[in-house]
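Before any questions on how it binds or moves, here is one chain, the form predicted on its own, in structure tokens.
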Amino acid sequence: MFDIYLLEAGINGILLGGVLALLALGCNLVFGVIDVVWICYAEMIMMGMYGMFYLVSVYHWPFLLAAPVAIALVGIIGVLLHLIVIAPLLNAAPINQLLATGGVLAFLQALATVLFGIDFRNLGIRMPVIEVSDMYLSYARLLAFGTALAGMIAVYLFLSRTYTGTAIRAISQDRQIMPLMGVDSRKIYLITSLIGGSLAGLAACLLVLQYDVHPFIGLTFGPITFMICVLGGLGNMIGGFVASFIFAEIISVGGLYMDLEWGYVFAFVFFIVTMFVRPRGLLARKS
């Protein structure tokens, strides 16, 4: 039975890692191209979760119809964030950019508190639990993992098979020379912000099936998403993918032997120790 429990924890870690990898992908994509960290990324997910709650629970839209609308909504928020906050600060000091996106974080939390109150809202959709050889696996997590994996594959194919995707990868490698080769960097930045916001919207659609939504739900995902990005090397999407599963397995297996909160403690300790050994991240790009 001990082996079964350990295997169940390992599988749940893989399922959690898929969703965390989706969160990290959006942050790393934006940083790798625009060179700005969206500290408010988790709050954009929170707005998407509220959108899903109202569309599904209040206005009774089918989930599959509400999801594309929520994804598009958060994608538009990402574009507005770039136009209003990021674009004027592209040439500013990094600390100013961090403070600006941190201000957006506080603004979105306050806005959600004023508009929706502090009550916990639940979508009301009950997902089954699958039993396999004495292991219990959440159908919601399986669905989230499969959808997150499909979303990441779609982004990979877009970046590797399309002209715009190639331009995004090129400008992430050399921001100075690409405008001289006819690439409109402002357009690429807007497209990247749209994709980054849309990925946050997709994450919101998956997470709202597992978590209640409230104005401070971003604090649940924001810090760990940022640490995953740093652990994998900021801007390194492969590094973020690897770091997501490392974090998820530490949290899941650590929670098996002690409380789940201790799993997060072990993950944070691992992060701190790794930063002493490799301060630029596990797979940071060489200068």
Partner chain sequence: MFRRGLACLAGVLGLMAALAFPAVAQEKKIKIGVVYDLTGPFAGGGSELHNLGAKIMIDHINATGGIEGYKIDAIYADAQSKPDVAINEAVRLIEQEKVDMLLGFFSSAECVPTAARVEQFKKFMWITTCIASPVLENRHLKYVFRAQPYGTQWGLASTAMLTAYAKEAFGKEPKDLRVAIIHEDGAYGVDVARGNSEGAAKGGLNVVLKEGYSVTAPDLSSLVTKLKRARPDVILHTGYNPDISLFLRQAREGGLRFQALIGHGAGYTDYSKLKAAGGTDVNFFMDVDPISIWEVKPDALKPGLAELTKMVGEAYKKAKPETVIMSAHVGMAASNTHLFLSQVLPRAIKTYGGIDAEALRKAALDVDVPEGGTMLGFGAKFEPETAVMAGQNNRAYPVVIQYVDDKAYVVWPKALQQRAPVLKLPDSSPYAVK
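C-alpha atoms forming the largest set that superposes within 1.5 Å between two forms make up the rigid core. Numbering follows the first chain given and starts at 1. The structure displayed is predicted, hence computed values, not measured ones.
Keep in mind that the form predicted together with its partner chain is not shown, yet the notes after this line are about it.
Visitor: Partner absent here, but in the model of the complex, which of 126-134, 68-76, 147-155, 85-93 has residues with a heavy atom within 4.5 Å of its partner chain?
Guide: Correct option: 126-134.
Visitor: Hey, in the model of the complex, does L16 get a heavy atom within 4.5 angstroms of its partner chain?
Guide: Output for L16 is yes: heavy atoms within 4.5 Å of its partner chain.
Visitor: Give a yes/no on whether I118 approaches its partner chain to within 4.5 Å in the model of the complex, heavy atoms considered.
Guide: Yes, contact at 4.5 Å.
Visitor: Verify the contact flag for S138: yes if a non-hydrogen atom of it lies within 4.5 Å of a non-hydrogen atom of its partner chain in the model of the complex, no if not.
Guide: Because a heavy atom of S138 falls inside 4.5 Å of its partner chain in the model of the complex, the answer is yes.
Visitor: Using a 4.5 Å heavy atom cut-off, state whether T113 contacts its partner chain in the model of the complex.
Guide: Residue-level check for T113: yes, a contact with its partner chain.
Visitor: All three of Y5, Q210 and L260 touching its partner chain in the model of the complex at 4.5 Å, heavy atom to heavy atom?
Guide: Yes, the whole trio is in contact, each within 4.5 Å by some heavy atom.
Visitor: So, superposing on the core, is the move of Y257 at the CA at least 2 angstroms between this form and the one not shown?
Guide: Y257 C-alpha, core-superposed: shift of 2 Å or more.
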